[in-house]
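Before any questions on how it binds or moves, here is one chain, the form predicted alone, in structure tokens.
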């Protein structure tokens, strides 16, 4: 371990945040790991299917080069090649590292880690731990992080939410953090700040993800000079079931084990994906499957009954239990009624190859950072990107000059506290929870699987109206204070997403326009959106050019 005096603030303690914390601590840096809840409650534990990599396997023709090409093709050729090459080349080492920490992967009869096929893969390369891979990885990382906690190199900050960045002269010096226990804002300075806050699920209401992930941090940093990228690319997972509270993911593992999609027509099953795309039709990339389900206009089912009772309960136990618990559905005997659901965000904070934003010493990793997935993420690449991005950021921080400048942030703290007090005293007929519901309705009405100019314009106008009343809403004392102060950031982000979708006048990957149905060569680049004093500006940039 190399001694270091650097202090690192990591916001978010899921898989990417934990990985970065461990990697920084292993280099002797002092890490503050801030989150409202423990890692065991992060969205990362919901990751079901597995992690992609190419391991040496007798008889397999798969190569790392093929993993790279599949990832680029799946992302519709707008992800940067250099970034994807780094991701895929390090994948075998990532899996070996996870094993060394105690991740319990499923093994075959010869004792080797088992892989299965996921959508968009030329060869099966998704390694898994049943259908609870995320939970296994979080457990292993938490135990390793505790080792560094015992050494005093990682310090946990619970009940703590991001409020704003401490940014001056194009450089990040730390963050204002809100402490729910003391109901106060405090400044935390650091040599580097790493954002690991996940996607934007709460903006969309019912999704397969955690509502703890709402995109506020990205929205607030956007107003502080951070670019956002590819916000229009929102992945709908093709197979989910609806409950009263959320959409429950039916993992791609079910189709990886042979599950078949169909709808019924006059009493007969129509295996529409196989009819159109052949034998591997059920494992086409997620944007393709979701679009085809949408186009059927019918209730679609996923059938795994033919696998048999024993195989289903051995290989898909979590899916079996989930369907029994939430729908009283025995999937060994009955097909699963499914529908597409918002699942993953390819867009987020724009970063360069080292995961630094345009603000010096401010990094973004995991799902909140946009770099590897282009217009559509392949299943199994999200866990890989979460871990790899945490490692990359840690290495970059270790190599940077650091050099946090001494600044007096007391006036920023006083202003933030004053803003909170003012909001608590506000009175109007609007409540925070009402406006948040209205944001969800506006977004759901504009950013479904298929979009068009008319609905996007209406959505932008709706968000503009809610922005006009956001400072007059009723404070809701029954909710976490975070829900009250985060509203403006969510509205800003929601508008940025819609403007990005409106600016891409083509159909590509997870962005399907009914008024621009073709994929255009002119748009074979990433959308960058910037903010300056209330003005939103979009541009198209080749991925490998950003931040270089």
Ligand SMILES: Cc1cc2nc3c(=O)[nH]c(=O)nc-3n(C[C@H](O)[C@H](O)[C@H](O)COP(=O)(O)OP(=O)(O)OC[C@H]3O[C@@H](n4cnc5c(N)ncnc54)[C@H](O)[C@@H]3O)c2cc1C
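Numbering follows the first chain given and starts at 1. Note that the structure is predicted; figures quoted are calculated from it, not measured.
Keep in mind that the form predicted together with the named molecule is not shown, yet the notes after this line are about it.
For the marked spot (30, 165 and 409), a heavy atom within 4.5 Å of the named molecule in the model of the complex is absent from each of the three residues.
Residue-level contacts in the model of the complex: of 351, 394, 78, 383, one residue has a heavy atom within 4.5 Å of the named molecule, and it is 383. 377 is the sole member of 451, 125, 377, 255 with a non-hydrogen atom within 4.5 Å of the named molecule in the model of the complex. Residue 208 belongs to the set of residues with a heavy atom inside 4.5 Å of the named molecule in the model of the complex. Among heavy atoms of residue 46, some come within 4.5 Å of the named molecule in the model of the complex.
When the named molecule is considered in the model of the complex, residue 366 lines it closely, a heavy atom lying within 4.5 Å. For the chain shown alone, residue 36 is a contact residue for the named molecule in the model of the complex, at least one non-hydrogen atom being within 4.5 angstroms. The stretch in contact with the named molecule in the model of the complex, judged by heavy atoms within 4.5 Å, is 48 to 56, chosen from 519 to 527, 494 to 502, 65 to 73, 48 to 56. Heavy atoms closer than or equal to 4.5 Å to the named molecule in the model of the complex belong, across 184 to 207, to the residues 196, 197, 198, ordered by sequence position.
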